[in-house]
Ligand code: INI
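Here you get one chain, nothing else, as structure tokens; it is the form predicted on its own.
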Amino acid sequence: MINRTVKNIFEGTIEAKGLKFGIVCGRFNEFFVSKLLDGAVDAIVRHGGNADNVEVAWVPGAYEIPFTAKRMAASGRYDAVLALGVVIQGGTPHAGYINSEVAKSLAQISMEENLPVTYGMVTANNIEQAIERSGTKAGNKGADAALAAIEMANLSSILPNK
């Protein structure tokens, strides 16, 4: 619960009107990622945004997402950047290494560029979990990332800068 006795409270709204978004999508597991992208764009439009203010870059896989997110964030063209990808655990620890590096890199980009970069990555143990997080009973992590991006873009526009 938010303490309303404090005089200066900063909160972002979930209003996407006029905001511009860059979205980076990993093509590996594209069947699931396309559902995340659909969810993200739908959330932006449902909250007053315009699909014409969304630009999407597809990269080979999750590991390549931070490079493109960094370029998008540094461009000055966007109010927020979303990273969407799906990494499914296999028989080796490979997925854990990928997920860890992508998460750290995206957080670092956000801090370096002073721009919201949201994490819409599905990190699943199996295909069933990927299905659940890409638009079925566990929701759509792309839509979740879009809502976070909208709120953070609005919050960053009202926060003191220095």
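Start at 1 with the first residue shown and count on from there. For clarity, every value in this text was computed on a predicted model and none was experimentally measured.
Beyond the structure shown, there is the form predicted in complex with this ligand, which is absent from this document and is the topic of what follows.
Proximity to this ligand in the predicted bound form, defined as a heavy atom within 4.5 Å, holds among 62, 117, 130, 44 only for 62. In plain terms, the part of the chain that comes close to this ligand in the predicted bound form, with a heavy atom within 4.5 Å, is 93-101 out of 109-117, 93-101, 130-138, 48-56.
Although the partner is absent here, residue 68 lies well away from this ligand in the predicted bound form, with no heavy atom inside 4.5 Å. Contact between residue 88 and this ligand in the predicted bound form is found at the 4.5 Å heavy atom cutoff. Scanning 15-34 for heavy atoms within 4.5 Å of this ligand in the predicted bound form gives 28, 29 in sequence order.
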